[in-house]
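The data below hold one chain only, encoded as structure tokens and taken in the form predicted alone.
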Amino acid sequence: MGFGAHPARSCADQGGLSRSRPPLQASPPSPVQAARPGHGPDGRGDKVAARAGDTPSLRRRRASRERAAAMLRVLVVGAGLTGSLCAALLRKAIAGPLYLALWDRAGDAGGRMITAKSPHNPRCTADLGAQYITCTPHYAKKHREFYEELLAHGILEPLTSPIEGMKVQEGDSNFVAPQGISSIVKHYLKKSGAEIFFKQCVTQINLRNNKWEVSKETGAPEQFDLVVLTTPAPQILELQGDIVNFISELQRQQLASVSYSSRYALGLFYEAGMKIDVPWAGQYISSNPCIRFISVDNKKRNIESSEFGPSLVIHTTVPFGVTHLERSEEDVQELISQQLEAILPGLPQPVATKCQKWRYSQVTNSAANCPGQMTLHLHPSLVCGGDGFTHSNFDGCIASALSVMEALKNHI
């Protein structure tokens, strides 16, 4: 029930991808400059040639403007796994000056790999999306460097806690994230060095003077040389502006064909010292019309402690999610709680709760005949990625990010 097995699962060396930009060329020295020490034609003076009447402050501002003009501006939309990995790979691939921004409409990083915190104790956390990662022998080899890096940093660990009802295939390996599933995304965001902006909902993308002018619900539009979209396919089709004309009829059909399951997740946070007395860390439920999976989340991740309480995560069935998709989260939480009482009677009262609607939970039908990405425009580049172009698990997101980089390698 995580990436590769749970109801809301989220979803090599990149050498050779580099960009060298020509260095700034200083203007030939004026007679005034040539007469001043340090400003002669031998190049031993300031990097930015001074002008008559310049002050140090003016020279610094002009140098800053020239550096900004020479800097490649890149925007990644979506702070889930695909977006964060794209940002990290772009940082590695682009050798020249780079401004890298990442925008997400949510209030925190993770996408469908989000980890919620108790408002009473931030160490009490709950994975509301992907629960664990399942790695097949094929991807253990193909994506080995990614798994090895995450394991070496302690971001992933083998899943050792019992999950009742989990389907185990021969050769598969299952992993959990001790610090919460969102720590994977945050690891890649840190590597990217991107400037991250949350609660930024993109509304329009227009072509202006060979740059992408990206508008959002609040704030002024900004211009970028390259844009990567990693949002769900329906949100790409909702964008307005010139992008509408750059999506071909075939691409529009491919995007429209991407379908998703829908469900809810409920996180329950308890006080320190409380016990959830069950013999498992997770359990698949097959006989309830509302609840599909329950996890004692801290137990699943082997982080039980006397300093913070346990957390419980409940994922609903898809039919329940679809039926109640437009109801208020308060109403849905009450319905889930009633069903939970029938399955686990006598649970202690939580000190906090978090109900999460997953309108786009898992990809049930990906875009046909897309090599892990969709290129909408080449010069300047506008590329779409995400599990909607591969398959809905951890390795699908990695495969898409690598495909995005392959599409961009001759344009960065």
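If you're wondering where the values come from, they're calculated on a predicted model, not measured in any experiment. Residue numbers run from 1 along the displayed sequence.
Just so it is clear, the following notes concern the form predicted together with a small molecule, a form of the same protein that is not shown.
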Practice prompt. Examine Thr125 and determine whether its closest non-hydrogen atom to the small molecule in the predicted complex is within 4.5 angstroms.
Written response: no
Fill in: Gln235, heavy atom within 4.5 angstroms of the small molecule in the predicted complex
yes
Item to complete: Evaluate Asp297 for contact with the small molecule in the predicted complex, applying a 4.5 angstroms cut-off between non-hydrogen atoms, and reply yes or no.
Response: no
Fill in: 4.5 Å heavy atom contact, Val77 to the small molecule in the predicted complex
yes
Discussion item. Under a 4.5 angstroms heavy atom criterion, identify the one residue in Gly180, Gly282, Gly111, Pro310 near the small molecule in the predicted complex.
Written reply: Gly111
Worksheet item: Of Ala106, Leu72, Leu325, Val244, which one comes within 4.5 Å of the small molecule in the predicted complex, counting heavy atoms only?
Response: Ala106
Item to complete: Could you tell me which of 269 to 277, 330 to 338, 164 to 172, 199 to 207 sits within 4.5 Å of the small molecule in the predicted complex, going by non-hydrogen atoms?
Response: 199 to 207
